[in-house]
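First, one chain by itself in structure tokens, the form predicted on its own.
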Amino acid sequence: MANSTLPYRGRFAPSPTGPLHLGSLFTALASFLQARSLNGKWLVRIDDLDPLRCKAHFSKQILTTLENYGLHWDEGVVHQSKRSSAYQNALEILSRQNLTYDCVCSRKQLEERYTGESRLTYDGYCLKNPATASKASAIRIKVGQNTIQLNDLTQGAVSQNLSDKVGDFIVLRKDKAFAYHLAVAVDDNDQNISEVLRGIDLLDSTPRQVYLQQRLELKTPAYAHIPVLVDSHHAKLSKQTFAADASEMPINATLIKLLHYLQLSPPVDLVSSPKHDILSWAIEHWQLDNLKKRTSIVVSTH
């Protein structure tokens, strides 16, 4: 895990598939406060791997919203869409270790070949039955019987047997877009990220990233998966649930609301202070431990 004696480096990595909504701003604020409270660096990375869903104007809009809320990053913004050569190099390293293979399964075939309780575990069909004809293919990584264990700073001990839970997973898609897990593992290492603070909805995918880090001999950062904001029906705030655009909300009042969701108790009159003072108060009083073992926080409609 990360060496606590090294300078803290955290990051926020949104996907530009829409405006920054309240749930994402909640995570951004938490990661910002964690970095600032530890006198560390806070970086922003745009996870724009998917050329169909990610749009440049959303990238600009997200960055503008962060700045308007006073969340200023410390180094240049990295765009994953510009880092294909780094991901290709990692893929070649895995290939030289005989860890990868082509997968030509169609979407319909995958529905038949996914097993397990969640129906998300690939059965290894293309490893056992290599395609003889040239077809469009994805690339999967072999996971073997590896159990990944980590101690999450907010959720505690995590253990996942990759073979049982996900099976061999994709590192390069059929459309030749690099998979999220590979890109994140490479980027966090190259940016010297010491701790990844993000939503608990990504906790289940973390063992895959740790596995890639191990195979590529990369550093494994510390992890802290915080609760996600949910509506009154306990659905996660997201673009899919039409969560409101944070740029259209009153900045001070929204910051105060988010501090309450982060289990802080800002003074009532702080809402009328400059946003810099609100953030300074939050940095001084920030406690990651306040979020331990929590998985969701219901957003008030008032």
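In this text, all values refer to a predicted model and were calculated from it rather than measured experimentally. Position 1 is the first residue in the sequence shown; the rest follow in order.
The next section is about a form of this same protein that is not shown, the form predicted together with glutamic acid (GLU).
Contact with glutamic acid (GLU) in the predicted complex, judged as any non-hydrogen atom within 4.5 angstroms, is confined among 179 to 187, 165 to 173, 139 to 147, 103 to 111 to 179 to 187. Just one of A131, L127, V77, L202 comes within 4.5 Å of glutamic acid (GLU) in the predicted complex, counting any heavy atom, and that one is L202. Taken together, the three residues K41, E195 and A222 lack any non-hydrogen atom within 4.5 angstroms of glutamic acid (GLU) in the predicted complex. Contact between G10 and glutamic acid (GLU) in the predicted complex is not found at the 4.5 Å heavy atom cutoff. Contact annotation: P14 falls within 4.5 Å of glutamic acid (GLU) in the predicted complex, judged by heavy atom distances.
Heavy atoms closer than or equal to 4.5 Å to glutamic acid (GLU) in the predicted complex belong, across 47 to 63, to one residue only: D47.
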